[in-house]
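Only one chain is shown below, in structure tokens, and it's the form predicted alone.
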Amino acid sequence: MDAKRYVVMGAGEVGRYLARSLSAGGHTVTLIDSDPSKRQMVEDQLDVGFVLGNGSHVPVLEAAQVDRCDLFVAASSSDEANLAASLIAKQLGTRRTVVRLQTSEDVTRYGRLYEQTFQADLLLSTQLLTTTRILNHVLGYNTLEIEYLAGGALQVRRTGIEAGSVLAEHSIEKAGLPQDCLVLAFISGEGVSVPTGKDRAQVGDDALVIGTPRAIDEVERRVSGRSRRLGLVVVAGGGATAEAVVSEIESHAKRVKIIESDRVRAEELAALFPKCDVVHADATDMSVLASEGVGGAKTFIALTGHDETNLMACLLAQELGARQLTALVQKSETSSLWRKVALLNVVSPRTAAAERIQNYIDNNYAPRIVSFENLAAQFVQRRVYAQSPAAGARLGEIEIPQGLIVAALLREGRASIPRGADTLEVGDDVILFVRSAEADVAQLLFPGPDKL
């Protein structure tokens, strides 16, 4: 690989992890940070350049020579500064930008708008990446990537096919998948294939599936060879990440109990999750854990804002008999140590973000869930105009080549997975999954500019 130049804004966990990885690969890296104490740390630990200052200020970006870099990564602790820096860096001449945001809603609902407004090539949410990893651990899923369409009303998931997966044992039409989903592709070392209902995946393939959030979750459960139903789940901590995790696992567990040390937040959680038991208490108090039945919990997840609290709570839960333990740990360098000391899954939000950025770089800067397969396939959104050959036709009556799928129908603010009996009306928007070889056919059936 040819040596490239990278500029990373933010010398925190994400920035340093990424800078170390890129530098080890023989690339030139410059870190930007406004904290003077970070300079000595960077000089002692890393073989990279350092520019002191606010990365959203033009002189600082110029000093870092963003106009000469292959990629600018805005990974500071400030979402606002990251977005502003992305836009300014693009104006100064950088080729590509990655922006890290904290909350998942910014990506799931407003991601496209942010990308267009601030000219970001890749937008990622630390919270979303973290939640996905936790759910993989807890539910036995094998989600590799998630992309959100139609303002979050639809999800596209890439999930690994393991032995025991329903898609490896049965054809798509006999797999019993829910109605509001569609298998778009199987991805293997040989490339991207668009299957028919009679096809099935091979173990080791990845499946690409689109659907509503509820349907896609059921698909994940059936596709994974390790998926599990949950009994009692205890969550220590009630912050934003805990809220996101509880929202996802509530329907999979017989019972969910949340232990939160702040009374006001505990009351908020009780209102948000009326079916869950919310306890105002300290999750590192052994008597509290014992009285709340943690020893009988199949799953214990520690998601407070403090590493020491999370790890201590997991050790106490383990001592009481809890079997599956997951801890949120911000300090990524201690993660491997805790895995060895205790039998628990450790999730580092900053490591997850840094690894996603590294994956984006390794896959030739392709941000979308399938476009990294050398642009073998992609999503496009088109309006159905009166002159379109598809206008007024039932989907099942349109002659569509195998490499093109009408994956979603957007009508009057509602998103759905269309079926053969659905009629495409003038003014509808359709999201197409298109192999590159069929791109010209897509333009013929649905003329007009791409809207994605």
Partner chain sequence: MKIMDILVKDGAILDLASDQKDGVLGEMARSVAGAEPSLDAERLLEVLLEREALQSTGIGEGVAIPHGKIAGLERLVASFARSVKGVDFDSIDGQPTHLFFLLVVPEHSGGQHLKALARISRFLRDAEFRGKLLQAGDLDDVFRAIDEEDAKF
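Residue numbers count along the first chain shown, from 1. Note that the structure is a prediction, hence the values are computed from the model and not measured.
Omitted from view is the form predicted together with its partner chain, to which the following refers.
Whether Ile405 contacts its partner chain in the predicted complex should be assessed with a 4.5 Å heavy atom distance threshold; does it? Heavy-atom contact with its partner chain at 4.5 Å: absent for Ile405.
Would Gln40 sit within 4.5 Å of its partner chain in the predicted complex, counting heavy atoms only? No - in the predicted complex, heavy atoms of Gln40 and its partner chain never come within 4.5 Å of each other.
With a cut-off of 4.5 Å between heavy atoms, is Arg356 one of the residues that contacts its partner chain in the predicted complex? No, Arg356 sits far enough from its partner chain in the predicted complex that none of its heavy atoms falls within 4.5 Å.
When the contact criterion is heavy atoms within 4.5 Å, does Asp428 count as touching its partner chain in the predicted complex? Contact with its partner chain, no.
Only one of Gly26, Pro389, Gly413, Pro59 gets a heavy atom within 4.5 Å of its partner chain in the predicted complex. Which one? Looking at Gly26, Pro389, Gly413, Pro59 one by one, just Pro389 meets the 4.5 Å heavy-atom criterion.
Counting non-hydrogen atoms within 4.5 angstroms of its partner chain in the predicted complex, say which of Leu52, Ile398, Ala63, Leu46 makes the cut. None of the others qualify; the residue that does is Ile398.
Which one, 31-39, 64-72, 390-398, 414-422, holds residues whose non-hydrogen atoms are within 4.5 Å of its partner chain in the predicted complex? Among the listed stretches, the partner-contacting one is 390-398.
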